[in-house]
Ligand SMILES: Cc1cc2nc3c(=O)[nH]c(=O)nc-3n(C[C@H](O)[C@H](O)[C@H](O)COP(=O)(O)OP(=O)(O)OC[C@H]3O[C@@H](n4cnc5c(N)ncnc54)[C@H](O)[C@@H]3O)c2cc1C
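Have a look below at one chain only, the form predicted alone, in structure tokens format.
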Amino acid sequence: MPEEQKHDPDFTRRSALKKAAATGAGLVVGGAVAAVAGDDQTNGIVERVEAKEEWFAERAFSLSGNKVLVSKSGGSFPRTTLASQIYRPRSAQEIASLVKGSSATTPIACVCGGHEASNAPIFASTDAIVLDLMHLNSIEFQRDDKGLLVTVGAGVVFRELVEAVKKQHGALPVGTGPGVGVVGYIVNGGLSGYFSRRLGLLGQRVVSATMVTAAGEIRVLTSKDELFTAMMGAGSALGIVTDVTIRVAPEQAIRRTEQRVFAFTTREQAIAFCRGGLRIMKNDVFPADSVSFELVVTGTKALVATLVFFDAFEGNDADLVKPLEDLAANLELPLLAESQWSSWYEAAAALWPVINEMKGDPLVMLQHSVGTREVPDEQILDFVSDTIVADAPLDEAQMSIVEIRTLGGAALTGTKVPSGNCYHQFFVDLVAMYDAKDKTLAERQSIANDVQGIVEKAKTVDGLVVDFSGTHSQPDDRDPAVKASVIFGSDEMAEAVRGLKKEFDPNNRFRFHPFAKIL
């Protein structure tokens, strides 16, 4: 690549748009439709997937715990897509042609990583087409006067992005799942457990995006466009994002990570450790945005405490680590593992081996989150320990976890996007996960009931918000009580998203997303 192109942040986008113009897509830049030459069809045939069941098994990381129960008609949900066709486009132009070539009312689903809790896009419906975006897998770096940028195709997953950013000595607030789609994570309001207090949400770092509308127009969005902000949290309901350009932070933003893993025998020990650990979080971590803390309780009877120290941290790491070690010692909890990581990459990649071992026939997941806009009070901390940790089906579903983490910081002070996560300081995620082949229908129903019971109790706790994260929620729950203002963070943001949905997708073509029941 010529030197002038390496340093031009718009080079990749200009090249893509030239290709689109040459082949005849509707092109929109800065909100204005630009006339382009050529017909509306691609020069070749878009790749089609015929083996639907094999594709489904490959692309679906897990199934919703609600879909392995008996339906109202007495049957269980099929373990394959319902879509009429599955396509694997290779460009925004091919996507635009598919959109234009189908009826204006044909539903469209987009799939990349397949980690969304209910996997609504993978299932789709009998009248829908699915776009598997796996071929949009480019990762390209550029620089401008503010630093490093990376343009990421919609088929890229986090393992690929993290490895590429490592080579550029950068850092991003990435998700921990190696196979999670980067763009899908962004457009559904994703958060980062380790890094968001320093780096914000990943969507808050996006500077531009290319999308295809329900009318088949290719648009390049920046912060000046009315759709831009909405796409960084509600995007899967509004259009098809084919790439995003993200501002990369320097790797020095993450100074050091300390992790301790302790074993517990009884649930009472886990509750006691969480009770003490959450007081350390409240008293010592929340006052300082220069450190984050995550505490995980696992079905394999482990307590994983992770502290990430950012570049602004000026204290002594031991002042936060030792109280956790002392707490475990007082409870006679043995130390299973002690890790120190000196780079962003090591912290970002630490959970990959664990997640890769999560398998089932099928693997089943129920995922629900709660959180607070303020530093949590004693009542909420006690509820987390005495109800969520105490009642979580960790024994019945041994791949399950309870994640408790600090949010806030840069995510709270940064540009607001349609994600409840950028309004919150405290986050708890209950992920009930198990191998369905080892569970009877009655056992599956019992696990689902236990989880729902915790969620119902959480709704009664003053100051605790239930289901505020698009990427950490269960969108196929039957409960209609979820509010758009909670998912998107505010009434104003919810109204803006609804207005754009009516304007740009009046036929609701993009209906397979975590927000389907509130839009």
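One rule holds for the numbers: they count along the sequence shown, beginning at 1. Remember, it's a predicted structure, so these values are computed and weren't measured experimentally.
Another form exists, predicted in complex with this ligand; not displayed. Remarks below refer to it.
Screening 198, 444, 368, 115 for any heavy atom within 4.5 Å of this ligand in the model of the complex leaves a single hit, 115.
Proximity to this ligand in the model of the complex, taken as a non-hydrogen atom within 4.5 angstroms, holds for one residue of 96, 154, 411, 209, which is 154. By the criterion of a heavy atom within 4.5 Å, residue 184 is counted among the residues contacting this ligand in the model of the complex. Using a 4.5 angstroms threshold between heavy atoms, residue 474 stays clear of this ligand in the model of the complex. Although the partner is absent here, residue 85 lies well away from this ligand in the model of the complex, with no heavy atom inside 4.5 Å. When this ligand is considered in the model of the complex, residue 355 lines it closely, a heavy atom lying within 4.5 Å. Listed stretches are 277-285, 434-442, 255-263, 190-198; the contact stretch with this ligand in the model of the complex is 190-198, by a heavy atom cutoff of 4.5 Å. Every residue of the trio 176, 235 and 240 has some heavy atom no more than 4.5 Å from this ligand in the model of the complex. Using a 4.5 Å cut-off on any heavy atom, the residues of 486-518 that reach this ligand in the model of the complex are, in sequence order, 512, 513, 514.
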